[in-house]
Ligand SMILES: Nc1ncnc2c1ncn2[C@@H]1O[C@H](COP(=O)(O)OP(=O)(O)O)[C@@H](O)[C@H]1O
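Shown here is one chain on its own, the form predicted alone, set out as structure tokens.
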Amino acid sequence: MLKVKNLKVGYGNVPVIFDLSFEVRQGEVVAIVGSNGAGKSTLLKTISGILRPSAGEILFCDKRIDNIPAYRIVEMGISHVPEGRQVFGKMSIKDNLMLGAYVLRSESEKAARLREVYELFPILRDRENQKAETLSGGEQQMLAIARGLMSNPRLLMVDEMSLGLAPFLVDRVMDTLKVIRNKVTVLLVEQKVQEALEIADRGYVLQNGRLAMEGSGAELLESDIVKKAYLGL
């Protein structure tokens, strides 16, 4: 579904990602893990068209997307749940969700997506008229994921889902990915290595903008390098 080939990305003259290649197959949950500053968020911003690579290619369903505007990438079927949730705090939960559906043409299609999202996240339906800022951190993360699903994406990219959440909320939010994985392909960027690899079909370890390791989620969890560098074992 997604192929990244020899990607190089930077900010001005400062390189961040070096010659990176990986792929995501339809129906998978793929985790990209690594420490803070490894280039994970930069990678997702580049795939979604917010940043432009200095070299390399990004293909989505065999079509090159690294040279088209971000809004067109959303229309093609990629949705990006940004780091830090970025919900619109003064707007209602329902209005936040409807903003995620702006690419859908018909009102009936928008209503159908809203029903599906409410089935996944009943707490959002129960509180749809509350301001988003009244939700807890974990609930805001659910809202951000739900908003990403409103565009009916083929690929959902989720950036640092656990950021700023208490451990029990991290488990709760990770559980939502287990539910939606049957509906959409997921590319997950995460600092919490163990939690991400436990739900991932495959994973890639990013270090200083370079691919350090790859394998199934189970294989990486058993790797001595991963255990030592990221799990404190």
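Keep in mind the model is a prediction, meaning the values are calculated, not measured. In case it trips you up, residue 1 is the first one in the sequence shown, and so on.
Below: the form predicted together with this ligand, not depicted.
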Practice item. Note which of Ser54, Ser35, Asn67, Gln26 lies within 4.5 Å of this ligand in the model of the complex, where distance is taken over heavy atoms; exactly one does. Key: Ser35
**Study point:** this ligand: the contacting residue among Ser48, Ser41, Thr176, Gln207 in the model of the complex [heavy atom, 4.5 Å]
**Key:** Ser41
Review point. Would you say all of Tyr102, Leu124 and Glu128 touch this ligand in the model of the complex, counting a heavy atom within 4.5 Å as a touch?
Key: no
Review point. Does Glu116 reach this ligand in the model of the complex, with heavy atoms at most 4.5 Å apart?
Key: no
Exercise for review: Using the partner position in the model of the complex, report whether Leu221 sits within 4.5 Å of this ligand, counting heavy atoms only.
Suggested key: no
Practice item. Answer for Leu211 alone: is it within 4.5 Å of this ligand in the model of the complex, judged on heavy atom distances? Key: no
Exercise for review: Sequence order please: the residues of 1-16 with a heavy atom within 4.5 Å of this ligand in the model of the complex.
Suggested key: Tyr11, Val16
